[in-house]
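For reference, the chain that follows is the form predicted on its own, supplied as C-alpha coordinates.
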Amino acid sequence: MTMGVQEIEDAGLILNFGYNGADSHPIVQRRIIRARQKGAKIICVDPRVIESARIADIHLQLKGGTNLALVNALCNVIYTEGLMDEKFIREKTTDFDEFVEVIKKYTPEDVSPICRISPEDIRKAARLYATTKPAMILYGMGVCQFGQAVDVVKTLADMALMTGNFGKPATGIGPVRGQNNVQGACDMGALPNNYPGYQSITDDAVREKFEKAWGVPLSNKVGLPLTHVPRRVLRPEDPSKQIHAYYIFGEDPAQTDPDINEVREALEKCDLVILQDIFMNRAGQYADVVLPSTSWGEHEGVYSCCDRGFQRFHKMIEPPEGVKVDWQIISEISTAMGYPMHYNNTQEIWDEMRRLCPSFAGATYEKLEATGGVQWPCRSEDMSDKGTVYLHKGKFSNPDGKGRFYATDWRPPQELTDTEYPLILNTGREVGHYSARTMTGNCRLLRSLEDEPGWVQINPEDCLEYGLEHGDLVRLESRRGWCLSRVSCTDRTSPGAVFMTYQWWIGACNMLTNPNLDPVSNTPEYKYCSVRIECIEDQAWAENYVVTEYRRLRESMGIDVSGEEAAVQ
(Lines give C-alpha, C1' and ligand atoms only; values in the text may rest on other atoms or scores of the structure.)
Protein backbone atom coordinates (compact mmCIF):
# COMPACT_ATOMS: atom_id res chain seq x y z
CA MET A 1 0.00 0.00 0.00
CA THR A 2 1.56 3.29 -1.06
CA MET A 3 -0.45 5.34 1.44
CA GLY A 4 -1.33 5.05 5.11
CA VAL A 5 -4.74 3.90 6.29
CA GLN A 6 -5.11 7.15 8.21
CA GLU A 7 -4.83 9.07 4.92
CA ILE A 8 -7.97 7.47 3.48
CA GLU A 9 -10.28 9.95 5.16
CA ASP A 10 -8.37 12.88 3.63
CA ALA A 11 -8.74 11.72 0.02
CA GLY A 12 -10.73 13.81 -2.42
CA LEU A 13 -11.80 10.66 -4.25
CA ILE A 14 -11.68 6.95 -3.48
CA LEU A 15 -11.88 4.42 -6.29
CA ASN A 16 -13.09 1.35 -4.40
CA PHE A 17 -12.31 -1.52 -6.78
CA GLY A 18 -13.29 -5.09 -5.89
CA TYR A 19 -13.11 -4.28 -2.19
CA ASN A 20 -15.85 -4.81 0.38
CA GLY A 21 -14.53 -3.10 3.50
CA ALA A 22 -17.82 -3.26 5.41
CA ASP A 23 -17.58 -7.07 5.59
CA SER A 24 -13.80 -7.53 5.38
CA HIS A 25 -12.31 -4.59 7.31
CA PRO A 26 -14.89 -2.54 9.25
CA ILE A 27 -12.23 -0.22 10.72
CA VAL A 28 -10.91 0.68 7.27
CA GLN A 29 -14.50 1.08 6.06
CA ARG A 30 -15.03 3.61 8.84
CA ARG A 31 -12.21 5.69 7.31
CA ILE A 32 -14.00 5.54 3.95
CA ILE A 33 -17.21 6.76 5.57
CA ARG A 34 -15.34 9.61 7.25
CA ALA A 35 -13.88 10.58 3.88
CA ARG A 36 -17.40 10.64 2.48
CA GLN A 37 -18.57 12.82 5.35
CA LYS A 38 -15.72 15.23 4.58
CA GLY A 39 -16.91 15.50 0.98
CA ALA A 40 -14.89 12.83 -0.83
CA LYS A 41 -16.29 11.35 -4.02
CA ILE A 42 -16.57 7.56 -4.16
CA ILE A 43 -16.54 5.30 -7.19
CA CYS A 44 -17.41 1.70 -6.35
CA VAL A 45 -16.54 -1.06 -8.83
CA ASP A 46 -18.14 -4.35 -7.81
CA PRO A 47 -20.47 -6.91 -9.39
CA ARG A 48 -22.64 -6.80 -6.25
CA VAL A 49 -24.43 -3.98 -4.46
CA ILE A 50 -22.08 -3.90 -1.46
CA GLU A 51 -22.26 -1.30 1.31
CA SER A 52 -19.77 1.02 -0.41
CA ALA A 53 -22.02 0.99 -3.49
CA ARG A 54 -24.84 2.37 -1.37
CA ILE A 55 -22.83 5.49 -0.49
CA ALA A 56 -21.02 5.85 -3.82
CA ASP A 57 -21.41 8.65 -6.34
CA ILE A 58 -20.99 6.06 -9.08
CA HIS A 59 -21.44 2.30 -8.86
CA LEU A 60 -19.98 0.43 -11.81
CA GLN A 61 -21.71 -2.93 -11.40
CA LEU A 62 -19.60 -4.81 -13.89
CA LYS A 63 -19.97 -8.42 -14.95
CA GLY A 64 -17.62 -10.70 -13.03
CA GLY A 65 -14.34 -11.48 -14.77
CA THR A 66 -14.17 -8.23 -16.76
CA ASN A 67 -11.93 -6.16 -14.48
CA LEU A 68 -9.10 -5.53 -16.93
CA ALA A 69 -11.41 -4.62 -19.80
CA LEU A 70 -12.98 -1.94 -17.61
CA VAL A 71 -9.69 -0.53 -16.30
CA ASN A 72 -8.29 -0.36 -19.83
CA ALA A 73 -11.44 1.54 -20.87
CA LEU A 74 -11.08 4.00 -17.97
CA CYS A 75 -7.47 4.63 -19.02
CA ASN A 76 -8.64 5.04 -22.62
CA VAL A 77 -11.01 7.84 -21.62
CA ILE A 78 -8.37 9.59 -19.51
CA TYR A 79 -5.99 9.49 -22.49
CA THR A 80 -8.37 10.39 -25.33
CA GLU A 81 -9.95 13.27 -23.39
CA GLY A 82 -6.60 14.73 -22.35
CA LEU A 83 -7.20 14.32 -18.62
CA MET A 84 -3.65 13.17 -17.89
CA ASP A 85 -0.92 14.85 -15.85
CA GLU A 86 1.41 15.24 -18.80
CA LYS A 87 4.23 16.83 -16.80
CA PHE A 88 4.25 13.94 -14.32
CA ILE A 89 4.20 11.39 -17.16
CA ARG A 90 7.06 13.11 -18.95
CA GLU A 91 9.29 13.58 -15.92
CA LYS A 92 8.46 10.64 -13.67
CA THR A 93 7.54 7.68 -15.91
CA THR A 94 8.64 5.48 -18.80
CA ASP A 95 6.99 3.21 -21.41
CA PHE A 96 3.94 5.42 -21.83
CA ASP A 97 3.79 5.09 -25.63
CA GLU A 98 3.65 1.29 -25.47
CA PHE A 99 0.90 1.53 -22.88
CA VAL A 100 -1.16 3.82 -25.10
CA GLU A 101 -0.99 1.39 -28.03
CA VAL A 102 -2.86 -1.17 -25.93
CA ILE A 103 -5.49 1.01 -24.27
CA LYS A 104 -6.44 2.66 -27.58
CA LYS A 105 -8.34 -0.51 -28.44
CA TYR A 106 -10.56 -0.33 -25.34
CA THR A 107 -13.10 2.36 -26.09
CA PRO A 108 -16.13 2.58 -23.78
CA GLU A 109 -18.34 1.49 -26.68
CA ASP A 110 -16.25 -1.64 -27.28
CA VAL A 111 -16.02 -2.51 -23.59
CA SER A 112 -19.65 -1.82 -22.69
CA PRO A 113 -21.05 -5.20 -23.86
CA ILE A 114 -18.17 -7.03 -22.18
CA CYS A 115 -18.62 -5.37 -18.79
CA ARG A 116 -22.36 -4.68 -19.09
CA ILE A 117 -21.80 -1.04 -18.16
CA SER A 118 -22.95 1.85 -20.29
CA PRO A 119 -20.30 3.90 -22.14
CA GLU A 120 -21.67 7.00 -20.44
CA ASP A 121 -21.03 5.57 -16.97
CA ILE A 122 -17.49 4.50 -17.92
CA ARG A 123 -16.73 8.02 -19.15
CA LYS A 124 -18.34 9.62 -16.10
CA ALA A 125 -16.21 7.52 -13.72
CA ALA A 126 -12.97 8.15 -15.63
CA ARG A 127 -13.56 11.90 -15.68
CA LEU A 128 -14.40 12.00 -11.98
CA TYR A 129 -11.26 10.06 -11.00
CA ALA A 130 -8.95 12.06 -13.28
CA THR A 131 -10.21 15.50 -12.25
CA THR A 132 -10.56 15.06 -8.48
CA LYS A 133 -7.50 15.57 -6.29
CA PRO A 134 -6.17 13.93 -4.26
CA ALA A 135 -7.39 10.56 -5.50
CA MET A 136 -6.58 7.08 -4.27
CA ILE A 137 -7.41 3.54 -5.33
CA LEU A 138 -8.27 0.83 -2.80
CA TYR A 139 -8.56 -2.71 -4.09
CA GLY A 140 -9.24 -6.07 -2.48
CA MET A 141 -9.75 -9.72 -3.26
CA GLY A 142 -12.21 -8.80 -6.02
CA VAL A 143 -9.09 -7.83 -7.97
CA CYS A 144 -6.56 -10.31 -6.60
CA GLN A 145 -8.50 -13.57 -6.86
CA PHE A 146 -8.61 -13.88 -10.65
CA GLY A 147 -6.48 -15.58 -13.24
CA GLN A 148 -5.48 -12.13 -14.53
CA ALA A 149 -5.05 -10.44 -11.16
CA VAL A 150 -1.52 -9.04 -11.50
CA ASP A 151 -2.35 -7.42 -14.85
CA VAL A 152 -5.29 -5.59 -13.24
CA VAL A 153 -3.18 -4.38 -10.31
CA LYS A 154 -0.55 -3.02 -12.68
CA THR A 155 -3.16 -1.27 -14.82
CA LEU A 156 -4.78 0.31 -11.78
CA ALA A 157 -1.30 1.63 -10.97
CA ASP A 158 -1.19 2.95 -14.56
CA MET A 159 -4.30 5.03 -13.81
CA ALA A 160 -2.54 6.58 -10.83
CA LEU A 161 0.58 7.24 -12.94
CA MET A 162 -1.45 8.85 -15.72
CA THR A 163 -3.02 11.31 -13.29
CA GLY A 164 0.02 12.00 -11.10
CA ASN A 165 -1.54 10.37 -8.06
CA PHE A 166 1.67 9.14 -6.48
CA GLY A 167 4.19 10.63 -4.07
CA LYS A 168 1.77 12.98 -2.32
CA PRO A 169 -0.47 12.75 0.75
CA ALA A 170 -3.78 10.85 0.43
CA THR A 171 -2.99 9.50 -3.04
CA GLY A 172 -1.71 6.26 -4.54
CA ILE A 173 -2.88 2.67 -4.69
CA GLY A 174 -3.67 0.41 -1.79
CA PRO A 175 -4.22 -3.34 -1.55
CA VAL A 176 -6.27 -3.85 1.60
CA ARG A 177 -5.01 -7.26 2.60
CA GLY A 178 -7.36 -10.20 2.84
CA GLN A 179 -6.23 -11.75 6.15
CA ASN A 180 -4.94 -10.57 9.50
CA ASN A 181 -1.17 -10.10 9.36
CA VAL A 182 -0.87 -11.34 5.77
CA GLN A 183 1.22 -8.20 5.22
CA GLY A 184 3.40 -9.29 8.11
CA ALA A 185 3.82 -12.79 6.73
CA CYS A 186 5.07 -11.31 3.46
CA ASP A 187 7.27 -8.78 5.29
CA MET A 188 8.90 -11.61 7.23
CA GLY A 189 9.69 -13.73 4.18
CA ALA A 190 6.82 -16.23 4.10
CA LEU A 191 7.04 -16.12 0.31
CA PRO A 192 8.71 -18.60 -2.05
CA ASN A 193 10.86 -15.98 -3.78
CA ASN A 194 11.98 -13.62 -0.99
CA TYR A 195 13.88 -13.51 2.23
CA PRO A 196 12.51 -11.20 4.94
CA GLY A 197 12.27 -7.58 3.84
CA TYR A 198 11.46 -8.50 0.21
CA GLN A 199 15.09 -9.38 -0.53
CA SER A 200 15.38 -11.72 -3.49
CA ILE A 201 16.38 -15.34 -3.00
CA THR A 202 18.20 -15.26 -6.35
CA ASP A 203 20.41 -12.30 -5.34
CA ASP A 204 23.77 -13.81 -4.35
CA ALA A 205 24.74 -10.87 -2.13
CA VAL A 206 21.48 -11.15 -0.20
CA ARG A 207 21.82 -14.92 0.11
CA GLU A 208 25.37 -14.63 1.42
CA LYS A 209 24.23 -12.09 4.03
CA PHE A 210 21.61 -14.49 5.39
CA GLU A 211 24.02 -17.46 5.21
CA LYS A 212 26.47 -15.54 7.39
CA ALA A 213 23.78 -14.53 9.88
CA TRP A 214 22.27 -17.99 10.18
CA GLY A 215 25.43 -20.06 9.75
CA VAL A 216 24.09 -22.43 7.09
CA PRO A 217 24.27 -22.68 3.28
CA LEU A 218 21.06 -21.51 1.57
CA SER A 219 19.56 -22.32 -1.80
CA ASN A 220 19.19 -19.69 -4.53
CA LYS A 221 16.20 -21.50 -6.05
CA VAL A 222 12.70 -20.05 -5.77
CA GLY A 223 10.43 -22.19 -3.63
CA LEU A 224 6.99 -23.63 -4.26
CA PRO A 225 3.84 -21.48 -4.08
CA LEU A 226 1.20 -22.74 -1.66
CA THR A 227 -1.34 -23.34 -4.41
CA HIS A 228 1.00 -25.80 -6.17
CA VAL A 229 1.11 -28.18 -3.22
CA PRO A 230 -1.80 -30.50 -4.22
CA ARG A 231 -0.33 -31.11 -7.67
CA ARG A 232 3.12 -31.85 -6.21
CA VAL A 233 1.54 -34.38 -3.86
CA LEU A 234 -0.81 -36.08 -6.33
CA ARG A 235 0.73 -35.55 -9.79
CA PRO A 236 4.41 -34.54 -9.53
CA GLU A 237 6.14 -34.15 -12.88
CA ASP A 238 9.33 -35.35 -11.20
CA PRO A 239 8.78 -38.19 -8.66
CA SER A 240 11.90 -37.11 -6.80
CA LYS A 241 10.20 -33.79 -6.03
CA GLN A 242 6.95 -35.23 -4.71
CA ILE A 243 5.81 -33.66 -1.42
CA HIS A 244 5.56 -36.17 1.43
CA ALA A 245 5.12 -33.87 4.44
CA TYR A 246 2.97 -30.79 4.92
CA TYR A 247 3.38 -28.45 7.90
CA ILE A 248 0.22 -26.30 8.23
CA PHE A 249 0.67 -23.29 10.48
CA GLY A 250 -2.32 -21.06 11.32
CA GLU A 251 -4.10 -22.01 8.09
CA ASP A 252 -6.91 -24.29 6.92
CA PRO A 253 -6.25 -25.32 3.29
CA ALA A 254 -8.90 -28.05 3.56
CA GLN A 255 -11.47 -25.26 3.82
CA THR A 256 -10.00 -22.22 2.07
CA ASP A 257 -8.10 -23.53 -0.96
CA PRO A 258 -9.93 -23.89 -4.30
CA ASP A 259 -11.27 -27.30 -5.37
CA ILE A 260 -10.97 -28.60 -1.82
CA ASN A 261 -11.83 -32.13 -2.88
CA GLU A 262 -8.40 -32.21 -4.51
CA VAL A 263 -6.76 -30.55 -1.50
CA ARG A 264 -8.29 -33.10 0.88
CA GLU A 265 -7.15 -35.93 -1.39
CA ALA A 266 -3.62 -34.51 -1.23
CA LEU A 267 -3.75 -34.31 2.57
CA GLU A 268 -4.90 -37.93 2.69
CA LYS A 269 -1.96 -39.01 0.54
CA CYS A 270 0.71 -37.07 2.44
CA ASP A 271 2.90 -39.30 4.62
CA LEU A 272 3.00 -36.66 7.35
CA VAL A 273 0.64 -33.75 8.06
CA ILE A 274 1.37 -31.41 10.97
CA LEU A 275 -1.17 -28.83 12.15
CA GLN A 276 -0.11 -25.94 14.39
CA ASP A 277 -3.14 -23.91 15.47
CA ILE A 278 -5.31 -22.74 18.36
CA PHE A 279 -8.43 -24.78 17.41
CA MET A 280 -9.11 -27.86 15.38
CA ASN A 281 -10.22 -27.19 11.82
CA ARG A 282 -10.96 -29.15 8.64
CA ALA A 283 -7.26 -29.60 7.87
CA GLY A 284 -6.82 -30.96 11.37
CA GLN A 285 -8.91 -34.00 10.44
CA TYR A 286 -6.02 -35.11 8.21
CA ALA A 287 -3.25 -34.31 10.68
CA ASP A 288 -0.88 -36.92 12.09
CA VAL A 289 0.41 -34.43 14.66
CA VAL A 290 -1.43 -31.47 16.20
CA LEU A 291 0.63 -28.77 17.92
CA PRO A 292 -1.59 -26.51 20.06
CA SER A 293 -0.28 -22.96 20.12
CA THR A 294 -1.15 -19.75 21.93
CA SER A 295 -3.81 -17.34 20.72
CA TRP A 296 -3.33 -13.61 20.16
CA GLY A 297 -4.10 -12.75 23.79
CA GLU A 298 -1.64 -15.30 25.16
CA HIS A 299 1.57 -14.00 23.58
CA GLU A 300 3.22 -10.78 22.42
CA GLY A 301 5.13 -9.53 19.41
CA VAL A 302 4.73 -7.34 16.32
CA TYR A 303 2.05 -7.19 13.64
CA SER A 304 2.27 -5.52 10.23
CA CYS A 305 -0.79 -3.53 9.27
CA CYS A 306 -1.91 -3.54 5.62
CA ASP A 307 -0.27 -0.11 5.14
CA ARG A 308 3.23 -1.30 6.18
CA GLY A 309 2.68 -0.20 9.77
CA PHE A 310 4.51 -2.18 12.47
CA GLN A 311 2.56 -2.36 15.72
CA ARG A 312 3.60 -3.86 19.06
CA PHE A 313 1.05 -5.95 20.91
CA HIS A 314 1.22 -7.33 24.44
CA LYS A 315 0.31 -10.51 26.22
CA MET A 316 -2.92 -10.30 28.18
CA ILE A 317 -3.33 -13.69 29.89
CA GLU A 318 -1.35 -16.84 30.58
CA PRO A 319 -2.00 -19.74 28.18
CA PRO A 320 -3.26 -23.12 29.38
CA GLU A 321 -0.61 -25.40 30.84
CA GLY A 322 1.46 -27.12 28.17
CA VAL A 323 0.53 -24.73 25.36
CA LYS A 324 3.54 -23.05 23.82
CA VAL A 325 4.10 -19.87 21.83
CA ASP A 326 4.50 -20.36 18.06
CA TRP A 327 8.12 -19.20 17.92
CA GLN A 328 9.05 -21.55 20.77
CA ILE A 329 7.46 -24.51 18.96
CA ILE A 330 9.33 -23.68 15.77
CA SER A 331 12.61 -23.22 17.65
CA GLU A 332 12.28 -26.58 19.42
CA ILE A 333 11.44 -28.43 16.19
CA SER A 334 14.39 -26.78 14.44
CA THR A 335 16.69 -27.81 17.27
CA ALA A 336 15.37 -31.38 17.23
CA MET A 337 16.02 -31.54 13.48
CA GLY A 338 19.66 -30.56 13.90
CA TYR A 339 19.72 -26.77 13.60
CA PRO A 340 19.96 -25.27 17.10
CA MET A 341 17.60 -22.31 17.38
CA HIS A 342 17.21 -20.42 20.63
CA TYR A 343 15.78 -17.03 21.54
CA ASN A 344 14.93 -15.65 24.96
CA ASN A 345 12.12 -13.39 23.79
CA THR A 346 10.48 -11.84 20.75
CA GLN A 347 12.67 -8.76 20.90
CA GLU A 348 15.72 -10.87 20.09
CA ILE A 349 13.93 -12.23 17.01
CA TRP A 350 12.80 -8.76 15.99
CA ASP A 351 16.26 -7.24 16.41
CA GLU A 352 17.74 -9.99 14.24
CA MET A 353 15.14 -9.18 11.61
CA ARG A 354 15.97 -5.47 11.74
CA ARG A 355 19.70 -6.16 11.33
CA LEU A 356 19.05 -8.16 8.15
CA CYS A 357 16.36 -5.94 6.58
CA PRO A 358 17.40 -2.34 5.78
CA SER A 359 13.79 -1.15 5.34
CA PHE A 360 12.90 -2.32 8.86
CA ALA A 361 16.12 -1.30 10.63
CA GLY A 362 14.73 1.74 12.45
CA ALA A 363 11.59 0.11 13.86
CA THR A 364 12.93 -0.64 17.33
CA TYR A 365 10.72 -1.92 20.13
CA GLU A 366 11.41 1.35 21.94
CA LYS A 367 10.19 3.40 18.98
CA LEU A 368 7.13 1.22 18.45
CA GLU A 369 6.17 1.67 22.10
CA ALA A 370 6.74 5.42 22.06
CA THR A 371 4.92 6.16 18.80
CA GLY A 372 2.25 3.45 18.71
CA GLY A 373 3.43 2.27 15.30
CA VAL A 374 5.95 2.82 12.50
CA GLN A 375 5.44 2.40 8.76
CA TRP A 376 8.35 0.94 6.83
CA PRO A 377 10.64 1.97 5.20
CA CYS A 378 12.16 3.14 8.48
CA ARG A 379 15.92 2.93 8.22
CA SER A 380 17.27 4.87 11.21
CA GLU A 381 16.97 4.01 14.89
CA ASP A 382 16.83 7.73 15.65
CA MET A 383 13.50 8.52 17.30
CA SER A 384 12.96 11.32 14.79
CA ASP A 385 12.60 8.77 11.96
CA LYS A 386 8.96 7.72 12.34
CA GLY A 387 8.82 5.81 9.11
CA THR A 388 7.19 6.52 5.75
CA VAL A 389 3.47 7.28 5.55
CA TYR A 390 3.33 7.41 1.75
CA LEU A 391 5.74 5.98 -0.82
CA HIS A 392 7.38 7.29 -4.01
CA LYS A 393 7.94 10.88 -2.87
CA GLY A 394 10.19 12.29 -5.57
CA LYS A 395 11.05 8.97 -7.18
CA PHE A 396 9.99 5.36 -7.63
CA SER A 397 11.86 2.25 -6.52
CA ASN A 398 13.02 1.22 -9.99
CA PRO A 399 16.75 1.68 -10.73
CA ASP A 400 16.07 4.77 -12.87
CA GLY A 401 13.74 6.26 -10.24
CA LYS A 402 10.79 6.30 -12.63
CA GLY A 403 7.44 4.56 -12.62
CA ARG A 404 6.89 2.13 -15.48
CA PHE A 405 3.69 1.90 -17.44
CA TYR A 406 2.46 -1.58 -18.21
CA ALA A 407 -0.41 -2.71 -20.42
CA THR A 408 -1.84 -5.93 -21.73
CA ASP A 409 -5.05 -7.18 -23.26
CA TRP A 410 -7.99 -8.49 -21.30
CA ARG A 411 -8.75 -12.18 -21.43
CA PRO A 412 -11.90 -13.83 -20.06
CA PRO A 413 -11.82 -16.18 -17.05
CA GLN A 414 -10.76 -19.74 -17.74
CA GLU A 415 -14.15 -21.32 -17.07
CA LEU A 416 -17.17 -19.73 -18.72
CA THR A 417 -20.86 -20.41 -18.22
CA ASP A 418 -22.76 -22.73 -20.58
CA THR A 419 -26.11 -24.52 -20.72
CA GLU A 420 -24.96 -27.14 -18.22
CA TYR A 421 -23.51 -24.66 -15.72
CA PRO A 422 -25.28 -21.37 -16.48
CA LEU A 423 -24.52 -19.28 -13.37
CA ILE A 424 -21.42 -17.32 -12.30
CA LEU A 425 -20.26 -18.02 -8.74
CA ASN A 426 -18.49 -15.25 -6.83
CA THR A 427 -17.13 -15.92 -3.33
CA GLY A 428 -16.10 -13.77 -0.40
CA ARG A 429 -16.50 -13.31 3.32
CA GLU A 430 -18.94 -11.78 5.76
CA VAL A 431 -18.48 -9.63 8.81
CA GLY A 432 -20.06 -12.02 11.33
CA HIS A 433 -17.70 -14.97 10.85
CA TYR A 434 -14.05 -14.37 10.05
CA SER A 435 -12.38 -16.17 7.15
CA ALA A 436 -12.35 -19.95 7.70
CA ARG A 437 -14.28 -19.61 11.00
CA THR A 438 -11.53 -21.40 12.92
CA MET A 439 -11.92 -18.81 15.70
CA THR A 440 -15.40 -17.35 15.30
CA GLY A 441 -16.97 -20.78 14.79
CA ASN A 442 -15.94 -21.55 18.36
CA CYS A 443 -17.81 -18.53 19.70
CA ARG A 444 -21.23 -19.68 20.89
CA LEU A 445 -22.79 -16.22 20.51
CA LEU A 446 -21.70 -15.87 16.87
CA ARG A 447 -22.90 -19.40 16.10
CA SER A 448 -26.28 -18.55 17.56
CA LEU A 449 -26.55 -15.56 15.22
CA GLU A 450 -25.55 -17.46 12.08
CA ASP A 451 -24.51 -21.02 11.44
CA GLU A 452 -24.54 -23.82 8.89
CA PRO A 453 -25.03 -24.11 6.02
CA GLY A 454 -24.73 -20.39 5.26
CA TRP A 455 -26.43 -18.58 2.39
CA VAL A 456 -26.21 -18.31 -1.36
CA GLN A 457 -27.28 -14.91 -2.64
CA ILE A 458 -29.48 -15.24 -5.73
CA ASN A 459 -31.18 -12.49 -7.72
CA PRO A 460 -35.01 -12.45 -7.50
CA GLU A 461 -35.28 -13.00 -11.27
CA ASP A 462 -33.31 -16.25 -10.95
CA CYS A 463 -35.28 -17.28 -7.86
CA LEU A 464 -38.46 -16.88 -9.89
CA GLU A 465 -37.04 -18.89 -12.78
CA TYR A 466 -35.94 -21.75 -10.51
CA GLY A 467 -39.05 -21.61 -8.32
CA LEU A 468 -37.05 -20.82 -5.18
CA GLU A 469 -38.18 -19.13 -1.98
CA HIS A 470 -36.05 -17.26 0.51
CA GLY A 471 -34.70 -19.78 3.03
CA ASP A 472 -34.93 -22.87 0.81
CA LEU A 473 -32.05 -25.33 0.93
CA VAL A 474 -30.54 -25.95 -2.51
CA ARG A 475 -27.71 -28.00 -3.98
CA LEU A 476 -25.00 -26.11 -5.87
CA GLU A 477 -22.76 -28.02 -8.23
CA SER A 478 -19.74 -27.24 -10.39
CA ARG A 479 -17.45 -29.45 -12.45
CA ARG A 480 -15.45 -30.16 -9.27
CA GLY A 481 -17.96 -30.82 -6.52
CA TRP A 482 -21.18 -29.87 -4.74
CA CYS A 483 -22.46 -28.38 -1.50
CA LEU A 484 -25.72 -27.35 0.16
CA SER A 485 -26.69 -23.80 1.01
CA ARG A 486 -29.72 -21.71 1.93
CA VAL A 487 -31.27 -19.29 -0.56
CA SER A 488 -30.99 -15.58 0.13
CA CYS A 489 -33.24 -13.90 -2.44
CA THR A 490 -31.63 -10.48 -2.92
CA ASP A 491 -31.06 -7.86 -5.58
CA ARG A 492 -27.50 -7.38 -4.35
CA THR A 493 -26.44 -9.84 -7.02
CA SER A 494 -27.10 -9.47 -10.73
CA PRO A 495 -29.24 -11.92 -12.70
CA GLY A 496 -27.12 -14.91 -13.71
CA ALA A 497 -24.71 -14.52 -10.78
CA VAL A 498 -24.67 -16.00 -7.29
CA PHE A 499 -22.53 -15.19 -4.25
CA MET A 500 -21.37 -17.36 -1.32
CA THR A 501 -19.03 -16.96 1.64
CA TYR A 502 -16.39 -19.61 2.17
CA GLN A 503 -16.33 -20.32 5.92
CA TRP A 504 -19.11 -22.92 6.10
CA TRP A 505 -18.43 -26.66 6.34
CA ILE A 506 -21.70 -27.90 4.86
CA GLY A 507 -22.06 -24.90 2.57
CA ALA A 508 -18.41 -25.10 1.51
CA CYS A 509 -18.27 -23.04 -1.65
CA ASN A 510 -14.64 -24.04 -2.24
CA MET A 511 -15.97 -27.46 -3.19
CA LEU A 512 -17.00 -25.56 -6.33
CA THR A 513 -14.25 -23.02 -7.03
CA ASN A 514 -11.75 -23.26 -9.85
CA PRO A 515 -8.00 -23.78 -9.10
CA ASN A 516 -7.00 -21.73 -12.17
CA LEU A 517 -4.06 -19.56 -11.04
CA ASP A 518 -2.70 -16.15 -11.96
CA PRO A 519 0.62 -16.98 -13.68
CA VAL A 520 2.57 -14.46 -11.59
CA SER A 521 0.97 -14.41 -8.13
CA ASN A 522 -0.29 -18.03 -8.24
CA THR A 523 -3.53 -16.83 -6.63
CA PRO A 524 -6.63 -18.89 -7.49
CA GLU A 525 -9.62 -17.62 -9.44
CA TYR A 526 -11.98 -17.71 -6.43
CA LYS A 527 -14.16 -14.96 -7.85
CA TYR A 528 -15.35 -16.74 -10.99
CA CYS A 529 -16.47 -20.23 -11.88
CA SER A 530 -19.58 -21.69 -13.48
CA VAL A 531 -22.18 -23.52 -11.38
CA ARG A 532 -25.73 -24.78 -11.48
CA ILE A 533 -28.48 -24.87 -8.87
CA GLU A 534 -30.58 -27.95 -8.17
CA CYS A 535 -33.78 -27.58 -6.19
CA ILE A 536 -34.32 -30.04 -3.34
CA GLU A 537 -37.89 -31.24 -3.19
CA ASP A 538 -37.60 -32.93 0.21
CA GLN A 539 -36.67 -29.93 2.37
CA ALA A 540 -37.13 -31.95 5.58
CA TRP A 541 -34.46 -34.39 4.41
CA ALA A 542 -32.13 -31.50 3.57
CA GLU A 543 -32.63 -29.84 6.96
CA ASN A 544 -31.89 -33.13 8.71
CA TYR A 545 -28.80 -33.69 6.55
CA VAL A 546 -27.38 -30.30 7.57
CA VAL A 547 -27.93 -31.00 11.27
CA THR A 548 -26.55 -34.54 11.31
CA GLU A 549 -23.57 -33.88 9.01
CA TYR A 550 -22.55 -30.76 10.94
CA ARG A 551 -22.76 -32.66 14.22
CA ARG A 552 -20.73 -35.52 12.77
CA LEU A 553 -17.98 -33.18 11.57
CA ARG A 554 -17.73 -31.43 14.91
CA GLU A 555 -17.63 -34.69 16.84
CA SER A 556 -14.88 -35.96 14.51
CA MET A 557 -12.78 -32.96 15.57
CA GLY A 558 -13.23 -33.76 19.23
CA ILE A 559 -15.68 -30.91 19.84
CA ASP A 560 -18.12 -31.65 22.67
CA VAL A 561 -21.59 -31.21 21.16
CA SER A 562 -23.56 -32.63 24.07
CA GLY A 563 -26.34 -30.35 25.23
CA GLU A 564 -26.15 -28.13 22.15
CA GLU A 565 -29.20 -27.39 20.09
CA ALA A 566 -29.14 -28.07 16.38
CA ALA A 567 -27.55 -24.96 14.87
CA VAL A 568 -29.72 -24.51 11.82
CA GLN A 569 -31.46 -21.25 11.03
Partner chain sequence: MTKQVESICPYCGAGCHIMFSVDEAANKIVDAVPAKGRTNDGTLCLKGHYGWDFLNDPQILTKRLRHPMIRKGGKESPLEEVGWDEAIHFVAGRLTEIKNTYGPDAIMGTASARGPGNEAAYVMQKFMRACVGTNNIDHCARI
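Computed from a prediction, not measured in an experiment: that's the story for all the values here. Residue numbers count along the first chain shown, from 1.
Quick note: we don't show the form predicted together with its partner chain, though the next part is all about it.
*Asks:* Here the chain is shown alone; which of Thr80, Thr131, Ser380, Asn442 has a heavy atom within 4.5 Å of its partner chain in the model of the complex?
*Replies:* Going through each option in turn, the one that passes is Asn442.
*Asks:* Work out which of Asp85, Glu262, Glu298, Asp121 lies within 4.5 Å of its partner chain in the model of the complex, going by heavy atoms.
*Replies:* Answer to the contact question: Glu298.
*Asks:* Is its partner chain close enough to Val302, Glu332 and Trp505 in the model of the complex that each of the three has a heavy atom within 4.5 Å of it?
*Replies:* Answer is yes for this spot.
*Asks:* Okay, which stretch from 111 to 119, 237 to 245, 97 to 105, 471 to 479 lines its partner chain in the model of the complex, with non-hydrogen atoms inside 4.5 Å?
*Replies:* Stretch 237 to 245 is the one.
*Asks:* Should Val273 be counted as a contact of its partner chain in the model of the complex, where contact means heavy atoms within 4.5 Å?
*Replies:* Yes, contact at 4.5 Å.
*Asks:* Classify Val150 as contacting or not contacting its partner chain in the model of the complex by the rule of any non-hydrogen atom within 4.5 angstroms, answering yes or no.
*Replies:* Outside the cut-off, so no.
*Asks:* Just checking whether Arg90 would be counted as a contact of its partner chain in the model of the complex - the rule being heavy atoms within 4.5 angstroms.
*Replies:* No, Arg90 sits far enough from its partner chain in the model of the complex that none of its heavy atoms falls within 4.5 Å.
*Asks:* Decide whether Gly223 counts as a contact residue for its partner chain in the model of the complex under a heavy atom distance cut-off of 4.5 Å.
*Replies:* Because a heavy atom of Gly223 falls inside 4.5 Å of its partner chain in the model of the complex, the answer is yes.
*Asks:* Need the contact residues for 301 to 317: heavy atom within 4.5 Å of its partner chain in the model of the complex, sequence order, or none if there are none.
*Replies:* The stretch touches the partner through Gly301, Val302, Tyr303, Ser304, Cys305, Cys306, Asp307, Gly309, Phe310, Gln311, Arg312, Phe313, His314, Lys315, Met316, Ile317.
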